[in-house]
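As a starting point, one isolated chain is supplied in structure tokens, in the form predicted on its own.
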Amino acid sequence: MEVLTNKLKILNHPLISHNLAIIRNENTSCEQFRNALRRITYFLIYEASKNLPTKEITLKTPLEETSCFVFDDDIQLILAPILRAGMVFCEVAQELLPFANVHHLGMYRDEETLEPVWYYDKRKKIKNVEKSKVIILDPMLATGNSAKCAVDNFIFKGIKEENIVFMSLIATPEGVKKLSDKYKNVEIITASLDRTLNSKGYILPGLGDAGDRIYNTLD
């Protein structure tokens, strides 16, 4: 399936490839899985935050005054992890972007329809939608249904789609197409574009259920 968007960014780095191999391996332990996922997350957050606005300030070093660039504190940055797997992404994102607000999105997938079912939407008041940036965090962009609903949620609140980034560990052409067909200006950042979905909506070759492998809830 052709992916019709120029807003898709697939990161390519040997460290990412190496850690993806650890994550995909069915024999990888929960601890190893989480650690490898965290290592990749640093690269993803680096890319997802590269266009955040900055401002110039003047400060004094031990030797002299100098100008520096820091994040513009007039911008409200929102990290939006889709529960539960998105929380590992969020841990790293908060480490790197401690000034951000966290907006938890609770959805689970109906295994019959493959559609998301909302159960939680915890948010801080958005002070100025014109100056708000959102990074949605979910390791899996599979069918694209949850991703589209997450973006819908912020568009309804008045956030511009060009101010929204969707960040995933792995994605499928189907999921990218579903999201980008509706929201052409939402940037999608991922570490891998996998081949396809199976009949149950799981990513192939994939890595299994990310939430179960992160939190050790496999049967």
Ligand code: URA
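When you see a residue number, it is the position in the sequence shown, counting from 1. Just so it is clear, the model here is predicted, and its values are computed rather than measured.
Keep in mind that the form predicted together with the named molecule is not shown, yet the notes after this line are about it.
- When the named molecule is considered in the predicted bound form, Ile23 lies well away from it, no heavy atom lying within 4.5 Å.
- Heavy atoms of Lys148 never reach within 4.5 Å of the named molecule in the predicted bound form, leaving it off the interface.
- Although the partner is absent here, Ala142 is a contact residue: one of its heavy atoms lies within 4.5 angstroms of the named molecule in the predicted bound form.
- Not displayed here, the named molecule is approached by Arg109 to within 4.5 Å at the level of heavy atoms in the predicted bound form.
- Picking from 134-142, 113-121, 98-106, 70-78 the stretch near the named molecule in the predicted bound form, with a 4.5 Å limit on heavy atoms, gives 134-142.
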